[in-house]
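Form predicted on its own, single chain, as C-alpha cells, below.
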Amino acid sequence: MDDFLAARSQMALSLGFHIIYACIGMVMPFFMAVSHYKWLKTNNEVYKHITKAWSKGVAIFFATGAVSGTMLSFELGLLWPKFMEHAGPIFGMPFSLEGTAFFIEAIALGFFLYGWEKLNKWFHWFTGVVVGVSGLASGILVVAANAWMNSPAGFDYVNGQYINIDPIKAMFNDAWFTQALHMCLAAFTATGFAVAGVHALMLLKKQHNDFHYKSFKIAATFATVCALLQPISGDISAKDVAQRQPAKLAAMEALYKTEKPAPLLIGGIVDEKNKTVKNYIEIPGALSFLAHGDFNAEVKGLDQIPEDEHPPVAITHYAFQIMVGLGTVMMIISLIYFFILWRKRTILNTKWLLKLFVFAIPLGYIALEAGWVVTEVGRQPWIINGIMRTIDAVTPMPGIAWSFYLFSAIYFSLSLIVIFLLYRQIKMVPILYKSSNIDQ
C-alpha cells in the first residue's frame, strides 16, 4: 500500500466510524428531550425511565464521538498538511465554532446527567434540549466545512496564492445549506430507524411493556417523518450538484456521454475501461428533470470533462444507487407505518411491521455511509474542488500505511467496546426499568 492510498484509506476509515458516532450523538438527545417532556407533562414514570436509559446511550456516544473527532482533527493536519496550510485560514471558522458548540454540549450533558432531583425540573429538561441543539449545530458546522471543499468560496486564487480571505463567505458557501439539510435528515432517519428497530425487536421477544412500546413510537415518528422529507432534500441537492459539480453528477449516474434529454439509470454494471454501462433500467428524461427541472434539458456527461478530472465512476455510481435504493426502502416502510396508524390498527398486533423495522436497523447507516462515499469520491481528483488536487495535499512523510493499520485497530476496538456497552444497557432494561404490560 503506497502512502497516498494509505492516507486516503485512513481518512475514509476515520470518517466512516466517526459519522456513525456523531449522528447518534446529535440525534438521540432530541429523542431524550421528547420522552423527558412527556414525563413532565404526564407524570408517567415510564417516560422517565426511557429518558434515563437513552441518556446513558447519549453519554456513551458523546464520549466515543469526542475521541474519534479529536483523532480526525489531528489526521487533517498530519495527513494533509498542504491542504491545511492553505485551507485552514479560510474555513477555520466553522471548526472553531464547532469546538465552542462541543464545549456547550459537554457542559449541558453534565448538567443533565447529574441534575436529576437536584435542578428545577424544567431547567433540567432545558439542559437536555441544549445537548441536542448544540450537537446538531456541531454537525452542521462540520458539514459547512466539507461543503466548502465542494464549493470553495471566500477567497481569490491568484497565481497559486489564496488572498482576500472572507471566512463568513467561506462558511456560508453555496453548498452548505443543501448538504446540511440532507445530512441532518439522514442522521435523524438512520438513528430513528435503528432505535425503533431495537425496541421493535424487544417487543417481538414478547417484552410487551410500556417502555419499549413508547420508545418505539417516539423513535419511529422521527424516523418516518424524516424519511419522507429526505427525497425533497435529495432533489435540492441533485440540482445543486448539477450546477456546481457536473463531473460528480455524471459519475453518480454513470453518464459518459452528454445527452438531451438524459435518462435516469436504475442499477447497472459500470465498465470503466470501455466507458459503458450494462444491465440497467432506464427512465427516459428523468435525469434531465432531476438535474434541471426540465425533462428535455441537456445534462453534461464525462465526455465534456478532461479525462484527468474524472472521478472514479464505478464506486460513485454504486454508492449512489445504494443510497437511493435504501432511502426508497425506508420511505416505503414509513408510508406503511403511517397507513397502519391511519387505519388505527394496533402496532403490537402488526408483527410484520415490527419485523420491517428490525430489518431496517442498519439500512439508514449503510445509506449514510454510501452518501458520504458519493460526496467524497465523487469530488476526486480534487480535495478543494477545482483548486487543489488530493495528491498534491498529502504528506511527504513515509510510513503512512503503519498509521492506517494502527488507527484501524483503534477504531475497531472502540466499536467493540461501544457494542458491548450498548448490549449491556439493553439487557439491563427489564431489571432497571420495570413497567406494566400493554393491554393487548
Partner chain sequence: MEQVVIAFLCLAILLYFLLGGADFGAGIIELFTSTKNRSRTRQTMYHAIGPVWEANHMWLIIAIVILFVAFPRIYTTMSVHLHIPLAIMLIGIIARGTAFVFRHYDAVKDDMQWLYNRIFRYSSFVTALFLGILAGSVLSGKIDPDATNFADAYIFGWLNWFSIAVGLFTTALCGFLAAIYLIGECKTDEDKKRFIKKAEYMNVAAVVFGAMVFFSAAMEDVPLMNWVVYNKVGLAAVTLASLSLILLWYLLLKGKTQILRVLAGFQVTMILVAISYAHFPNFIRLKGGDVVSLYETVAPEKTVLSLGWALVLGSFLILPFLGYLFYKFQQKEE
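Positions refer to the first chain, counted from 1. What you are looking at is a predicted structure, and each value in this text was computed from that prediction instead of being measured.
There is another form of this protein, the form predicted together with its partner chain, and it is not shown here; the text below is about that form.
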Option touching its partner chain, based on a heavy atom within 4.5 Å in the predicted bound form, out of P246, P81, G267, P312: P81
Candidate from Q161, T100, N296, T346 lying within 4.5 Å of its partner chain in the predicted bound form - any heavy atom: T100
Options 163-171, 282-290, 323-331, 224-232; stretch whose heavy atom lies within 4.5 Å of its partner chain in the predicted bound form: 163-171
4.5 Å heavy atom contact, V46 and its partner chain in the predicted bound form: no
Its partner chain contact in the predicted bound form: L109, any heavy atom under 4.5 Å: yes
Contact label in the predicted bound form: E85 to its partner chain, heavy atom within 4.5 Å: yes
4.5 Å heavy atom contact, V418 to its partner chain in the predicted bound form: yes
Contact test, all of K41, F338 and L363, partner its partner chain in the predicted bound form, heavy atom 4.5 Å: no
Within 128-148, the residues that have a heavy atom no more than 4.5 Å from its partner chain in the predicted bound form: V130
